[in-house]
Every structure is written in C-alpha cells, then in structure tokens.
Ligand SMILES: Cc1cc2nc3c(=O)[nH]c(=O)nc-3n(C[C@H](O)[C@H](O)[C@H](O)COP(=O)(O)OP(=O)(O)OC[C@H]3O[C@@H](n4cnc5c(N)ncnc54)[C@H](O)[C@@H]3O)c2cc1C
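Listed next as structure tokens is one chain, alone, in the form predicted alone.
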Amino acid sequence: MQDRSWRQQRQEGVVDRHAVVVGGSIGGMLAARVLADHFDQVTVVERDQLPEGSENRPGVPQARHLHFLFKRGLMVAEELFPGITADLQEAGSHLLDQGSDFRILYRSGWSPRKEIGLEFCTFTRPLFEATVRRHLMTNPKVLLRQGFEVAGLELDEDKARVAGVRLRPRHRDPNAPVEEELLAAELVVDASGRGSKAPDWLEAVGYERPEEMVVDAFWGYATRLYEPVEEYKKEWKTLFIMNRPPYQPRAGIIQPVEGNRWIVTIAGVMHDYPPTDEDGFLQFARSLSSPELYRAIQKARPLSKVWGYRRTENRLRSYEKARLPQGFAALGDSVCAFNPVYGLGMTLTGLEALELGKCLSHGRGTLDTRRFQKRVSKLVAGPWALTTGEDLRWPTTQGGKITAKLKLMHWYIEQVIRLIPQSEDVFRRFQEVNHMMKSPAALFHPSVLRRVLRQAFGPRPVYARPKEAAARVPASTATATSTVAIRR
C-alpha cells in the first residue's frame, strides 16, 4: 500500500487538517465533537452499521442494561451539545434528584429523603446514544464511516508520528483478498472501548504495549424492562438495594426510563450471577436485603426477555507510562474500563473529552500525546482507587493488592456509609463525589472527619449479622465468604 505521508500532503496543500476517531459510541462522539473545534475534518470510524433510531446494536452488548449519567456528565453533555437534556426529556427521559427521588438502602440503612441538587437523567443507552449522534451529525466537519474496522496505525517516514489508520470493511468475502484503505490523519484518537485493539496496533509498528492492570470481583447482572404498576404505592422514583460485603453479595435497582417503563437490573458478585429465566430472576430479586424491589416487580408486566451480562472486570491501561508516537491518543474505556455496576464510564469519558480540548488549545491545535495521557491518568486515578477498592472487599476478587492504605480506606469509607442514614450533610458530600462534582478528598472535609472520628471512637453499637441475609447467601459463596477474615 503506497501513500504519501501526512506532512507531504499538508505541504502540498492537498488536504486540510484531519483527525480520526476510532469508535462511534459515546466516547467517540464526545471526542469527535471536541476535535471539530480544532480540525477541518473529523472522521469517526465505526464497526457497526448504526441504527436510524434508538435501537440496540451488536457493538454495544451492555446497551440493554442500566446506564448512569451523573450530574457532572450531564453538564458535559449539555456543554458540548446545548439542548440535549431538553431533547432527552422530550423523548420521555426523567430528570431526577439524587436525594428526593432516589431511595438507596445502604448496608447501614436507608438514604435521607431530601432534595440535594444533584440531578441525573434516566434513559436507555440506545436513546442517549441516538440523541448524541443526532446532535453530532449536525456539525458539517464530522463524517461517519460505518461498517469499517481499523487494521492498524500508519506512521510517518520518521516513525515518530502517526500518519493515519488502515481501514478494511468489517463484512467482506472471506475468500477475497483483504483490501485496506489508508485514511490519512494528523491525529488518531482511540475511543473503541473495553475491547480496544490499540495495544496490538502500537506493538505492530514498533511501540510499546501499555501496562495493564485488571481487578475482577466476578460481578454479573441481569436486566429486564417492565411496565410499572400504577397503583403500587412507593416513596421513590428510583430504588437501589445495595449489597453488603462480605455476607450479602446481591444488589438490585429499579429506574424509570422513556416509554413509561422501568428498567430493572439485579446483580451479584463473587460468581453469584443472577439467572436469566423468569422464575430465577424473580427469586433472585426476592433474596435482596429488602423485599421492596421484589414487591414492586412482582405484579408488574414484563416488556422484554431477561438479558445477562458478565464482562465486568476493571481494566486500566497505563498509556501515560508507555512510549507512544505523536498524534496518537486514547480515552474512555480504551484507557480505563470500570466495573459497569458503578456507572462511572460515560461521565468520566466526558471529562476526558473536555481535557482533550484543553490540551489541543494549549498546543494551539497540536496535541502533546504524553501531556494528554498524563491528564487522563490523573482524572481516572481517584475513581479507579474507589471502585477497585470496593471490589477488593470481596474475598474472591482477582488482581490488585490489599495494602495497609487500602485497609484504611475501607475502614474510613465504611464509617462514612454508616453515617449516611443519619446525616444529610454526609450523604450530600458522598453523592457529590459519586457525581464527580467533587474529588474524593471531599470525604475528608472536617465536617465529615469529625463525625467519623466521633462515631468510630465513641460508644459503639453492636450490629448483629441479619439472619435472613445470611440465609440468602448461596452455598457456592459460603466457603469464599468464610475466608474473608484471613484475607483481611
């Protein structure tokens, strides 16, 4: 395959400034929107043939399950696509307050019921993706190439800079010769997600694969859509029954979405995967720490089959430490894919997209690859520590290390969670961290720290292990649970 380098084409005035985004999902579209402020053309390369409306597609197998866009993520979406919140609401989404509309059963009791000014928008993933895509494609600088996959990176003559990507049709005659097309670009951004092939592309052109860390607590979840029971009396719009390490591995959530539907997801950790048959789904829901979720769906009309999902490991690729060619960048799940049960992915990807824009502005339109990857690393560091730290509470978790520092964090977070049912201020600060409005350091604010110390070193109530919760732990996890004292 012969082609002139990007620099040669630029010098000859053949092309304008061009950037390529690999992946047309949420992260890729947010990146493309930011790049359109700095490049003359942005091409988004997507493996799937995308649906016209809000439909599921093969490239996003987790799309049928619950998705969160926390307040900070909603602010980013509105900043990049003004009016998108109103469009989502017009399509039937709900704008809910984390305090007054969201009822959470922590392991220490129910969350306070008071408006705290942290709104989030509820929707199905296909609706959100379709709405973002509709906004993005109004930008004349953005071009979408569907049904193509990236075969590898193309470097410039000096092998120090990316010159583009090699494309090939995803669906092709297996007996025909493979025909590749060179798509020249000054910048290539990998936003292809958890299954990114970028480490292979880099290795193939003589660069380093980034170091990887995987922490897997073996979560699995199952989801079903329901028609709500109108006469069912409840004090919530969203209900979340949390698990309780180490003896209750199960959790569940009900959330309203467009179309006057409930999306119901139940989850289990330590290989305690929820069944995908109707009776098994209901019995799993019945085994949660509270019967509230089961009661809500017991007489509700199912609108779908039950879908299962088990690819939930946390995966971190340290691009900031790797030797990379200039003109290559990675963000979103390509860099850090969190356990989806924490709902952080879309919000954090939005913040990374904004950082991409800041770095391009700092470089007057040119991206300093190492600077950007270091900024991404800084953004993911706090959420990574919190989510993997939570997953490491479970004795069967693989990867990661339980250090003295982590034990201290476990102890402190446990004290904070114990305070939530009795303190609206602690609850608000805890949720401000979850919504990425504040850093995890906010949990150490003097107003929280004083309460933690008073609770921890004052008179201590005796907590008995709930008999019903103990009875619900599956036999398959009993042995693992009994080892928790040894692991800690």
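Small disclaimer: the values here were computed from a predicted structure and weren't measured. All residue numbers are counted from 1 along the displayed sequence.
Beyond the structure shown, there is the form predicted together with the ligand, which is absent from this document and is the topic of what follows.
Among heavy atoms of G59, some come within 4.5 Å of the ligand in the predicted bound form.
In the predicted bound form, none of the heavy atoms of E432 sits within 4.5 Å of a heavy atom of the ligand. Put simply, W262 is far from the ligand in the predicted bound form: not one heavy atom of it is within 4.5 Å. Remark: W201 counts among the residues lining the ligand in the predicted bound form, judged by a heavy atom distance of 4.5 Å or less. Heavy atoms within 4.5 Å of the ligand in the predicted bound form are found in exactly one of 329 to 337, 178 to 186, 407 to 415, 240 to 248, that being 329 to 337.
With the partner removed from view, the residue among R224, R125, R315, R72 that has a non-hydrogen atom within 4.5 Å of the ligand in the predicted bound form turns out to be R125. Interface residue among A217, A191, V165, A77 relative to the ligand in the predicted bound form, by the heavy atom within 4.5 Å criterion: A191.
Annotation: in the predicted bound form, residues L105, L386 and F427 none come within 4.5 Å of the ligand through any heavy atom. Taking the ligand as positioned in the predicted bound form, the residues of 342 to 364 that bring a heavy atom within 4.5 Å of it are, in sequence order, G343, L344, G345, M346, T347, T349.
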